[in-house]
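The form predicted on its own is given below as one chain in structure tokens.
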């Protein structure tokens, strides 16, 4: 009798679940067999081209033209500097390398729960971003000045991503507070600005900031083209992020705000001490997803004349003897995006599976 009351033992091993998912039904089995057959046909040829017969290191593109040659990864060694740093002066390249490492470390530290307080996360990003700008720009302590027009490649992509994140997050907080305001005018203006911005493609907004805005402003007010684009990008990010935060607000019981008000807390104390920490905790996974989208969207700036990693890849194989090997160059650039995006995506998935970690830093 006791054995009959015991729940059945379910084999939850990953291999068992995989097998059941692939061959659990006749339709799944047929689709799985077709896909496996395609992979068996494709993978050996791809491995021969990408690894076995590939040309890895050579300054002579003629070796890549041999009849039995596979992928010409030598183009990365020969033109990799352009992909990573654009036209940044080669004698100052160490500064771009160090600045990129600082920015990557800043992002990594931001993923550590110990830094999930307002003071620590703000300090981390301000220090990292300021260090990046000082290293890239120079003009002090014996470092040569390098204008933003010479910034490029992966280093510029990281800069745009960091600047948009730093400027866009405070904007998102202001916009969501304005949209939840009890003042009808403020609430309506915030809703109009958010909905209007979200109705336009990002490319349209960036193009307007880069090309059209200087025509409407005096020269002394137009500023640097890169910073105009970053400001427009940050506002676009802030509008989308404010909607994510608004969803976090909607998940919080209204009684918490009323209880805080009953305790005598002011509006700003209720928001920053009681509500916003919970909002960020609950909205953290979709916020990570928004970071992923923002990092991918940095490639759009190549269309309006910036030398980001995509434009740098175009320049790296746009002229000379390495032109035929554009596939390898674009695969390499794609792998760079994949590493960053995959890492952020897996981290967002980790947060969704471990909600207790999200709530530890309230």
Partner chain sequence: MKRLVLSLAAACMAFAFGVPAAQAGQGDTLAMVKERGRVLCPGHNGSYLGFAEVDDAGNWKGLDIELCKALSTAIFGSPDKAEIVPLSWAQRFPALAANDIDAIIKVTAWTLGRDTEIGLQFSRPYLIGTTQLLVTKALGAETAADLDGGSICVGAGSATERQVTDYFKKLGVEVNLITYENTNEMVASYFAGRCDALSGWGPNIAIRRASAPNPDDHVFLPDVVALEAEAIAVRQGDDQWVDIMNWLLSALMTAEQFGITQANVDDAKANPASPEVERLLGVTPGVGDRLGLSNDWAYNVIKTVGNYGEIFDRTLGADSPYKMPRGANALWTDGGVMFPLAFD
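For clarity, a rigid core is taken as the largest C-alpha set superposing within 1.5 Å between two forms. These figures come from a predicted structure and were not determined experimentally. Numbering follows the first chain given and starts at 1.
The same protein also exists as the form predicted together with its partner chain; that form is not shown, yet it is the one meant from here on.
**Student:** In the model of the complex, is there a heavy atom of its partner chain that lies within 4.5 Å of any heavy atom of residue 236, even though the partner is absent here?
**Tutor:** Residue 236: no contact with its partner chain in the model of the complex.
**Student:** Answer for residue 293 alone: is it within 4.5 Å of its partner chain in the model of the complex, judged on heavy atom distances?
**Tutor:** Taking the distances in the model of the complex, the answer for residue 293 is no, it never comes within 4.5 Å of its partner chain.
**Student:** Given that its partner chain is not shown alongside this chain, does residue 321 nevertheless sit within 4.5 Å of it in the model of the complex, heavy atom to heavy atom?
**Tutor:** So residue 321 counts as contacting its partner chain.
**Student:** Although the partner isn't part of this model, could you tell me whether residue 240 comes within 4.5 Å of its partner chain in the model of the complex, counting any heavy atom of the residue?
**Tutor:** Residue 240: no, not in contact with its partner chain in the model of the complex.
**Student:** Given the stretches 176 to 184, 273 to 281, 122 to 130, 214 to 222, which is the single one in contact with its partner chain in the model of the complex, using a heavy atom cutoff of 4.5 Å?
**Tutor:** Every other range fails; the passing one is 214 to 222.
**Student:** Counting non-hydrogen atoms within 4.5 angstroms of its partner chain in the model of the complex, say which of 111, 105, 261, 87 makes the cut.
**Tutor:** Of the listed residues, the single hit is 87.
**Student:** Go through 135, 169, 210, 163 and name the one with a heavy atom inside 4.5 Å of its partner chain in the model of the complex.
**Tutor:** Here the answer is residue option 210.
**Student:** What residues of 295 to 315, in sequence order, lie within 4.5 Å of its partner chain in the model of the complex by heavy atom?
**Tutor:** Contacts from 295 to 315: 302, 303, 304, 305, 307, 311, 314, 315.
**Student:** Kindly check if the Cα atom of residue 146 is displaced 2 angstroms or more between this form and the one not shown relative to the superposed rigid core.
**Tutor:** Moves: yes, 2 Å or greater.
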